[in-house]
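A lone chain, given as structure tokens: the form predicted on its own.
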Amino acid sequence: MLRLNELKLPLDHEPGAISEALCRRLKLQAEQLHGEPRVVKRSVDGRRKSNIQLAYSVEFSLAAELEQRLLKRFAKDPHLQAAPDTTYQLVGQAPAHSTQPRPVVVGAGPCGYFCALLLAQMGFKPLLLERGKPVKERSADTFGFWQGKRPFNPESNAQFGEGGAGTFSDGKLYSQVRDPRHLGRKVLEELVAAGANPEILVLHRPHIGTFKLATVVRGLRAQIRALGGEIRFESRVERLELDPHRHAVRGVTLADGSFIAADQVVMAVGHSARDSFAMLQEQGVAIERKPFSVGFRIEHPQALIDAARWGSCAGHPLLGAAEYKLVHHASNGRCVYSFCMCPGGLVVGATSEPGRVVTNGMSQHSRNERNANSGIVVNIEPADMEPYGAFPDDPLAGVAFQRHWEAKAYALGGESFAAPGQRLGDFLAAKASTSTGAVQPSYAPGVTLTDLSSALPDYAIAALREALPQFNAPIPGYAMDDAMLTGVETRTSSPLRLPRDQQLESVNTPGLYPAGEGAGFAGGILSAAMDGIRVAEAVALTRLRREHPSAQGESACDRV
């Protein structure tokens, strides 16, 4: 089997054009192909708006001798290669009668769910604990809060509950992390098995959308339970119980006072589990600060973004709502960039604590809302957090930094969970907005017009005011006066990291496995799920070595 990348065709090509183009490119006869080529990836080449094309990666089969001759003839062509084997292999299988306590996974976001799923597939029957509610009840709480029909629930919201923070997002399923073992493919295949559209296996930048994600997480839940795993909702871990002599994990205590014995606990709690971070710090678990970013959400007419990206092809059904990715290095040393761009989406309330306002973006699978929105954010370094810490070198200073500006946004919004908002033209002119223009803000629970000059540190405001006009160059009209800014975006990533060793355990707490975005090892749905797989492998290999201490084999470091 061979793979050919970058096979380009017009947007409206005929169904048989892929096979014909493949034969022309490689100087083959149609009868030499063993069946039709299989499309494994489809992307859009939009660099020339006058000639937008689809770029395919296809796999095809020939006679073995002909495949070898073709590889030799095109040895200098980087687009032709032997098709990689993306089949995932489990690292082991649990013994039939193990005496070890079952592994505990804390957090039912993408990292926790995939960690539990892999452990279940290997026969270890994990226990998955989630502080929030199942996705149906969680969605009712979250949408009810946005619509003003339900009070804010600190345990059931856009951050906490089945599916994690990614459930209320654009559902992006791509990542820039290195993936030599094709773990991303394993994730996508499991999502399809759980109910996702099979097109995510082919699209270059796949996404699911909020309502589709809700269906998929229920499918993952059912698979874990069918394999012998257990999932408990509304089960917040109050305390990690440690052996006083070895500082090793011996179990967890829940908020209801119940104790669960465990010598392997995976903490996949997400980037907003601030009470969990404080608990771990109090118990002496190693924590360090990590950079993150803060900024505002910006909204434009989706039609403006479509026209800038697709030109006369805007509206073509194969293109859909256009995305963008922007970056500017400001003169004060800050980096300003777009984050979590949501085409045809909404700006939503993403706080997890009372008395604070946090914004995020969300799209449905159709991406058919009238506005495009994106975070426009500025980097925050560990030194910037120092003034906010409770003591010098406080590892939770980033959390305090976030809380400070979220409380400021709550006050600017009128202390009602409304978000402070401002027209872009007024923001650049440093004057308060008194009315909206052509772009109506979509943020729920609502927007209070004001001046955002005091909503972030001065250096962040200065960098944003410098960067936003510069984005007119790649996207004409981006700095339109009526574009809408809403604050604040603070949950771009975890403000800390829980360092771990080569076996993926905490560097000073044996049996604790920090995982995913909250632990500082992922950024988004796909990379978090991939980290969940790696941690599940590490947990499994450690358990298998305990069952067979004399067995020889690769270490968790080698395999994971």
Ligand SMILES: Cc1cc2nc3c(=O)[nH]c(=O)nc-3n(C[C@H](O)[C@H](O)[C@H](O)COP(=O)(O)OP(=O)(O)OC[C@H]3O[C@@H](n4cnc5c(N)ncnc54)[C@H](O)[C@@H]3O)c2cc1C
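What you see is a predicted model; the values in this text were computed from it and never measured. For every residue, the number given is its place in the sequence shown, counted from 1.
There is also a form predicted together with the named molecule; it is not shown, and the following applies to it.
Residue heavy atoms within 4.5 Å of the named molecule in the predicted complex occur in exactly one stretch of 385-393, 288-296, 458-466, 103-111, and that stretch is 103-111. For the residues P126, G421, G361, G398, the 4.5 Å heavy atom test against the named molecule in the predicted complex is passed only by G361. Note on the partner interface in the predicted complex: the residue among R236, R309, K186, R334 having a heavy atom within 4.5 angstroms of the named molecule is R236.
The named molecule in the predicted complex comes within 4.5 Å of a heavy atom belonging to S169. Interface membership of V535, defined by any non-hydrogen atom within 4.5 Å of the named molecule in the predicted complex, is ruled out. Contact annotation: G270 falls within 4.5 Å of the named molecule in the predicted complex, judged by heavy atom distances.
Proximity of G523 to the named molecule in the predicted complex falls within the 4.5 Å heavy atom cutoff.
Of the residues in 481-518, those that come within 4.5 Å of the named molecule in the predicted complex through at least one heavy atom are, in sequence order, G516, E517, G518.
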